[in-house]
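Only one chain is given next, in structure tokens, and it is the form predicted on its own.
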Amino acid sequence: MAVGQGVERLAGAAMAVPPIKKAWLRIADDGTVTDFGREADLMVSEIGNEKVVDACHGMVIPTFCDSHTHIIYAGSRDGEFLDKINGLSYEEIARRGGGILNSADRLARASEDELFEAARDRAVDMIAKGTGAMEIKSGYGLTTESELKMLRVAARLREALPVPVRITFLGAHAVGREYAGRQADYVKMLIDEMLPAVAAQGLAQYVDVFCDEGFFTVDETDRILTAAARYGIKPKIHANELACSGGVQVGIAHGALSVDHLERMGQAEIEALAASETIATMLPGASFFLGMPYAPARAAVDAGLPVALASDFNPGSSPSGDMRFVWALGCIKMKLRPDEALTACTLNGAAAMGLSATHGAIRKGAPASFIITRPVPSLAYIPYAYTTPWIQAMYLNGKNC
């Protein structure tokens, strides 16, 4: 998927990017793309002494850009997996003290080194499956000490991984146990204590709030985002996973880079997004795992929105960072065409992290980060045969990894 200079997101019908058939790609010594085009336009005399890599009839596509993950956590929640099989809903598990609070309890007991090593293993697995940029959220701390611990681990991952990492502070993921029944006090503590500490240490580029039924209200979200703006921290919002919560509208009002989840999004939300610069980010892995409705991606694209797809990799509602599977769900369950869903997983995912000037597409001057597929009959074959091995080689910054 190749785009021109200055194209940092694609919306509506433009998300269906046509492939360049029988193409070539030139990479500079510094790992950036210098040129690309059709084989018929490349003169053999232009190749000179350059090293030539034959894609062997494979396709070349950008690496995935996963704009919504929660990969820093301790242990797993496979016990809740059995609860779900036995019929309990996500909300019922949360009310029983499970869910996010369960993860917070475990994270409080884990050391930074333990969290780093476990999260690094998850990130390395994501990269091996084709991810070339990712966002990592906090949100399993729910105390100032534990939230800062998570963000420090994320900062270590940013330094250790060979791909760009964006970091989001999600202290408003749930109300910590010590504040049970005192949500207003928790919000005040988050604004007066957590946010200043996060800002003072420069640990997060973004702030997030779980603005939804049973979690944080529109008014609380507004107050948190207003406070974050004083520190120059831009919002990305969890919205409308469980109900039409008003999260989309409050996110847009604060200039959110993206609003994420959107399983319960209606025409009012689509119209509000169409009049904004906010990206609609949808997380089909959570719908698959929880048995919830899928976000209306088809309607959103038909309405001209820029749609992104992300993994939501986390221990409770989407325990997978396989973006090829997300691509497949975008096609199978959300009725996006393969090229549209690929744009959602690459360029628009990069845009939802503020990275699309350099990542999410093959373009001149950008880092040469791409996947060479095994020989496939069509682009559609990749999400169609979604468990068939498909990666022949992967390049990050011009280097085969």
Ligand code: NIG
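Numbering starts at 1 and runs along the sequence shown. These numbers were taken from a predicted model, which means no experiment stands behind them.
Just so you know, the form predicted together with ligand NIG exists too; it's not on screen, but the next bit is about it.
- Between 272 to 280, 149 to 157, 237 to 245, 117 to 125, the stretch whose residues reach within 4.5 angstroms of ligand NIG in the predicted bound form through a non-hydrogen atom is 237 to 245.
- Taking 314, 168, 131, 258 one by one, only a single residue has any non-hydrogen atom within 4.5 Å of ligand NIG in the predicted bound form, and it is 314.
- Proximity to ligand NIG in the predicted bound form, defined as a heavy atom within 4.5 Å, singles out one entry of 186, 206, 210, 327, which is 210.
- Though the partner is left out of this view, residue 254 does not reach within 4.5 Å of ligand NIG in the predicted bound form, counting heavy atoms only.
- Remark: residue 264 does not count among the residues lining ligand NIG in the predicted bound form, judged by a heavy atom distance of 4.5 Å or less.
- Though the partner is left out of this view, residue 72 does not reach within 4.5 Å of ligand NIG in the predicted bound form, counting heavy atoms only.
- With a 4.5 Å cutoff on heavy atoms, residue 100 counts as touching ligand NIG in the predicted bound form.
- Residues are counted as partner-facing when one of their heavy atoms sits within 4.5 Å of ligand NIG in the predicted bound form; in 67 to 82 these are 68, 70, 77, in sequence order.
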